[in-house]
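A single chain comes next, written as structure tokens; it is the form predicted alone.
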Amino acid sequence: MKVVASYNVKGGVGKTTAAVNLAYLASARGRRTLIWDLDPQGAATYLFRVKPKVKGGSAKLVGGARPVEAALKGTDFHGLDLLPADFTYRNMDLDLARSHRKAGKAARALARLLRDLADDYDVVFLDTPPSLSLVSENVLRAADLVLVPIIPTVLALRTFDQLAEFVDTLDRDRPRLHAFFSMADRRKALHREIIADLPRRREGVSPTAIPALSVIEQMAVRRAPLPAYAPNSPAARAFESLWSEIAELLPA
């Protein structure tokens, strides 16, 4: 089982959009797929038409008092399950620290939870909240691959550099980073320049750019992944390209 996290310290950069669409594409390509909505706001859970509720909340889940399998929900799409968000996830940092007194155990608690699912899924996508916290460290240590959506601006690139520096400080369990351009607007000269130049200069940056299009915003109206209702749109084709890259990095 491979674990893929959609993560960025910044909010509003397309993490949930990427996690939902890529999880859908993975399942559509025959991989047994789970998406875990770790964000207490529950956007991914909403898009899959599931109630954002986990019995026992964050404390029981990360503390091991309730098996993770009991929290899983099916979706409307074959081969794609969801571990929904819960508003108590806002306290997950505290719950991790309380349940696992030793710092090393607390930083690897989510990885241990996910190991219980290894026989049931081929790939797990983690949709993460925008933060740099104990939950974030858990995500980075649990993931084989971290997808980093970056808007093609100078400040967004600086945030990616900061993330890369933090990952380099991890003593082990160091994931591979794979950045891609999100909310790209090719009418803007700076966007065009960064999209053309950065993948040539920086290892781990994909040339794939997810465009800023209204068809993506329709996900919240239709409550469905983009390829399910607009498979031939330029945005859906961009996500297809990104999934192809990921599939090569994570062989079945």
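Quick caveat, the model's predicted, so the values are computed rather than measured. All residue numbers are counted from 1 along the displayed sequence.
One more form of this protein, predicted together with a small molecule, exists but is not displayed; see below.
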Answer option from 50, 54, 183, 224, heavy atom within 4.5 Å of the small molecule in the predicted complex: 183
Interface residue in the predicted complex among 216, 194, 68, 205, criterion: non-hydrogen atom within 4.5 angstroms of the small molecule: 216
Residue 231 within 4.5 Å of the small molecule in the predicted complex, heavy atoms: no
4.5 Å heavy atom contact, residue 79 and the small molecule in the predicted complex: no
Residue 237 within 4.5 Å of the small molecule in the predicted complex, heavy atoms: no
4.5 Å heavy atom contact, residue 199 and the small molecule in the predicted complex: no
Stretch in contact, per heavy atom within 4.5 angstroms of the small molecule in the predicted complex, of 56-64, 216-224, 26-34, 186-194: 216-224
